[in-house]
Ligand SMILES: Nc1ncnc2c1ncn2[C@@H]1O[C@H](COP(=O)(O)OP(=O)(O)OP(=O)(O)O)[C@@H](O)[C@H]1O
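Given as structure tokens, the chain that follows is alone and in the form predicted alone.
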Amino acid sequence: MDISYKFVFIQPESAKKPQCQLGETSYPSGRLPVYPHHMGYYSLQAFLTTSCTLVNSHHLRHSPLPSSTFHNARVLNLKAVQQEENSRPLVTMSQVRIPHVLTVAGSDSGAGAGIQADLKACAARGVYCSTVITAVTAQNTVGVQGVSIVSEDFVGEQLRSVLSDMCPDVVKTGMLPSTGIVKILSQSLREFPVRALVVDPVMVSTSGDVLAGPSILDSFREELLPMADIVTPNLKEASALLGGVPLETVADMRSAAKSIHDIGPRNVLVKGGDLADSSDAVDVLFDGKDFYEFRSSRIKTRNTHGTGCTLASSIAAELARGSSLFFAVKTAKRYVETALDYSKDILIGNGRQGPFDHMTKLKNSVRKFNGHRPFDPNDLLLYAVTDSRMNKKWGRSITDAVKAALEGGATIVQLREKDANTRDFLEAAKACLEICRQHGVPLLINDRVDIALACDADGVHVGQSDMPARVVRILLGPDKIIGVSCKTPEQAHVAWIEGADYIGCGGVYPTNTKENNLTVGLDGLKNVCLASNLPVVAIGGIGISNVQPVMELGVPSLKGVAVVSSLFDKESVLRETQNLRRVLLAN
């Protein structure tokens, strides 16, 4: 028989440090999972959730913990567990353990490097990031104007606060401005071990300002590097760690990586972004046995401030997600290259080294500000839905069809291109979006969330058999328009609950543009409109000859009509759109 067990960590009085983890699940009677050794500071007790009876200790025979641990533990029952829920949260299988990086570094007031870069990089890579601040700097795109070092005691207090409770998977270090801070960090990591330690030996900022003096070098060599899973020096930092050895070639980088590895870190990544006379950005990884070269095209941009911090924290993020070190380095380098390329022409600050956009969204935001406005239900008045077969029949390109509809007065456009391949569809969508922006009209994509994301369309329209609206909302974000096809009040209610902005109801009349499309009629449309909490656009067989009964239903939520063949299966899209708009406005 399967029994549902509730596992509770019970701290023995002899335990000196807390550990996190846990779950609740079902296992065959007498068989409990084996937990990894790092959880050994807690004992496990299993309780029958139905009868609140303590499971016999022999059921814990598979645990790696010594039996004496259980004898020292405080024995709790389920009632006691419930009383302690506020102080000892229980993690269940319905909760998700999030990858977690702790960054120990300095604050950059310009937000291009340091703690701020680490936070943005981890967020971009889908990893939670906590922080311990070692110094506060006054800096911008020109350089560093001042540094205020945080006291060693307070750095230690920050470390204990995070490590004792939040159990980060990986620690990444940046600016460590004193030998005392290096020692406190080393001591903290011995007391609170983590899965991996990524050391970015920050000594000089991208702008050339010194952030850590020579006295720190000995602390790095003696205290931190022997604990590191990977250290990521640039050419200047690698040279400093090796006593000033010049590094001018890839061969020099390989030699430096091997020499630094001899100090103690398990892996060394020497970054060659500043390597002279190299058309590529070359980084060299040495794992103690083999060398690996990571090459990418050198991107010409002033916006390189914080690249070192970002690469190291991206590696930490990938390690926290469970990636191998080689894959973590490869993915992190690719991410930095992508972000730099996206940011090469953005302008922030007047100095010679600007920050880059970790989220690759800032330019999109500018475009939205210039050409995008919030969804207005009145945009649904004349909803033009393109059709590739009709365009082909009349010898029109999709851009010609969209332009004609907009000039005729269409208030919103949906691209429904079932026959186009993805590459062609994407290029057409980008071109149509440009035209729509010029007219101040939203552009939606039918079904294809990927196309909408790639071209930054204003939204997506999905059917009942497509991706659920709640998933679309997660992917597109809060400001995009989402429409859902609905035939019943129940479907309309679900669309509202899942975060849609409007619903399309139909087919109102029989139509040939969609196969096997159930007709709801005017009564069905009215029922959905009356039940809907969202604005409604009617669709299906609607044209200039039968639009008036639709608009005369007299329900406030009905905002307009969506039309396909009555516009695009005609010789003149412009004329048909003008005529239909005239009728709609007359109502």
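For every residue, the number given is its place in the sequence shown, counted from 1. The model shown is predicted, which means the values in this text are computed figures rather than measured ones.
In what follows, reference is made to the form predicted together with the named molecule, a form of this protein that is not presented.
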Q.
Using a 4.5 Å heavy atom cut-off, which residue among Ala452, Val231, Cys309, Cys505 comes into contact with the named molecule in the predicted complex?
A. Cys309
Q: Go through Asn391, Asn267, Thr304, Thr411 and name the one with a heavy atom inside 4.5 Å of the named molecule in the predicted complex.
A: Thr304
**Q.** One stretch from 473-481, 377-385, 151-159, 268-276 that, in the predicted complex, holds residues within 4.5 Å of the named molecule by heavy atom
**A.** 268-276
Q. Is the gap between Ser297 and the named molecule in the predicted complex 4.5 Å or less for some heavy atom pair?
A. yes
Q: Classify Asp458 as contacting or not contacting the named molecule in the predicted complex by the rule of any non-hydrogen atom within 4.5 angstroms, answering yes or no.
A: no
Q) Does the 4.5 Å heavy atom contact test between Asp169 and the named molecule in the predicted complex come out positive? A) no
Q.
Taking any heavy atom pair closer than or equal to 4.5 Å as contact, tell me whether Leu340 reaches the named molecule in the predicted complex.
A. yes
(Q) Heavy atom within 4.5 Å of the named molecule in the predicted complex: which residues of 318-353 meet that condition, in order? (A) Lys333, Val336, Leu340, Gln353
